[in-house]
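A single chain, nothing else alongside it, follows as structure tokens in the form predicted on its own.
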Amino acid sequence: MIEAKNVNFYYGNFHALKNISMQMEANTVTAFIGPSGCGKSTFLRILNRMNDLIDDTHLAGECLIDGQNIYDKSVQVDELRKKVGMVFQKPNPFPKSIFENVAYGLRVNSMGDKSFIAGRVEESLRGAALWEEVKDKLKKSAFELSGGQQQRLCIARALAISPSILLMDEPASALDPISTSKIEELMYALKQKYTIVIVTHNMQQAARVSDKTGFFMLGELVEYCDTKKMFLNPDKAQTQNYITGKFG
């Protein structure tokens, strides 16, 4: 369970998010849609405190995961990010082998047992639907993979440290249609074990993969409901206008 309560976020004096309140259920896919600069990626990064890395930012309100406010002073950010994995817009494999890309988080967290690491790497690559494509070239550079394979490798890397939540910021925007389809199929499979939150500009993608959708506009959460309702019968005129292409 992820819950935001009256979340306000500021870049310096700029009020980027305004009174965001919502709940995201476990083992679902939640999509955020809206025009560029509307706050959806900022809100996504709040969920694993990535915005902490930006100078002169401030958050008010509460963001809870399983009932704990992740901005409480007692929360260790490194521990939080083990629980909340992230996949970025462009594939960003490390300049290492395919195997070492997936093993990286395990080694950083002082897991040195070779058989455990090997098993976890295979499990994560299978979870990312990549094992059959790379099992015979694990020692080769990750840069030899296609863009779609690299993005699935990044998903495997995130899965390796056993998170419960997976954040995806435009994970298919740099990919071709076939690779995009594979990422979408993967999201559907992964929600059996993980809670997934995705930012996308592709409304058809949101309609295909998500259980619930939130529409952001100018830093506000205009509407948040079941995806089918959002696309067939939204409550707000603003939502209807965006979905039908009248603006954005």
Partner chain sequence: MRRLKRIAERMVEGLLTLSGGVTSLAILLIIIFLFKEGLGLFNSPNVEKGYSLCVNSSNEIVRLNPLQIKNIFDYEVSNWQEVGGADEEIMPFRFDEIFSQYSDEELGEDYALLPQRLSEVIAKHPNIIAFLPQKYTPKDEASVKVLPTKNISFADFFGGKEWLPTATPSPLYGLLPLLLGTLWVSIFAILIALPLGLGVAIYLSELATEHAGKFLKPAIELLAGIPSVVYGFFGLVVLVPLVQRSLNLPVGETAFTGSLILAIMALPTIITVAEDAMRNTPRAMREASLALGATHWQTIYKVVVPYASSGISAAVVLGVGRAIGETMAVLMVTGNAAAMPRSLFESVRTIPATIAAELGEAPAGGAHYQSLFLLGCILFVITMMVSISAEVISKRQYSKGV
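Numbering follows the first chain given and starts at 1. Fair warning: this is a prediction, and the values are worked out from it, not measured in the lab.
The form predicted in complex with its partner chain is left out here; the points below concern that form.
Chemist: Using a 4.5 Å heavy atom cut-off, which stretch among 126-134, 90-98, 112-120, 67-75 contacts its partner chain in the model of the complex?
Modeler: Contact criterion met by 90-98 only.
Chemist: Which one, S173, S164, S141, S146, lies within 4.5 Å of its partner chain in the model of the complex by heavy atoms?
Modeler: Checked against the cut-off, the match is S141.
Chemist: Residue-level contact is defined here as any heavy atom of the residue lying within 4.5 Å of its partner chain in the model of the complex; does R152 satisfy this criterion?
Modeler: Contact check for R152: no, nothing within 4.5 Å of its partner chain in the model of the complex.
Chemist: According to a 4.5 angstroms non-hydrogen atom cut-off, is M168 in contact with its partner chain in the model of the complex?
Modeler: Looking in the model of the complex, residue contacts with its partner chain do not include M168, since no heavy atom lies within 4.5 Å.
Chemist: Is K191 part of the interface with its partner chain in the model of the complex - any heavy atom within 4.5 Å?
Modeler: No - in the model of the complex, heavy atoms of K191 and its partner chain never come within 4.5 Å of each other.
Chemist: If we define contact as a non-hydrogen atom of the residue within 4.5 angstroms of the partner, is I178 a contact of its partner chain in the model of the complex?
Modeler: It does not: once its partner chain is placed as it appears in the model of the complex, I178 has no heavy atom within 4.5 Å of it.
Chemist: Would you mind checking 104-122 for residues with a heavy atom within 4.5 Å of its partner chain in the model of the complex?
Modeler: Stretch hits, in order: Y104, G105, R107, V108, N109.
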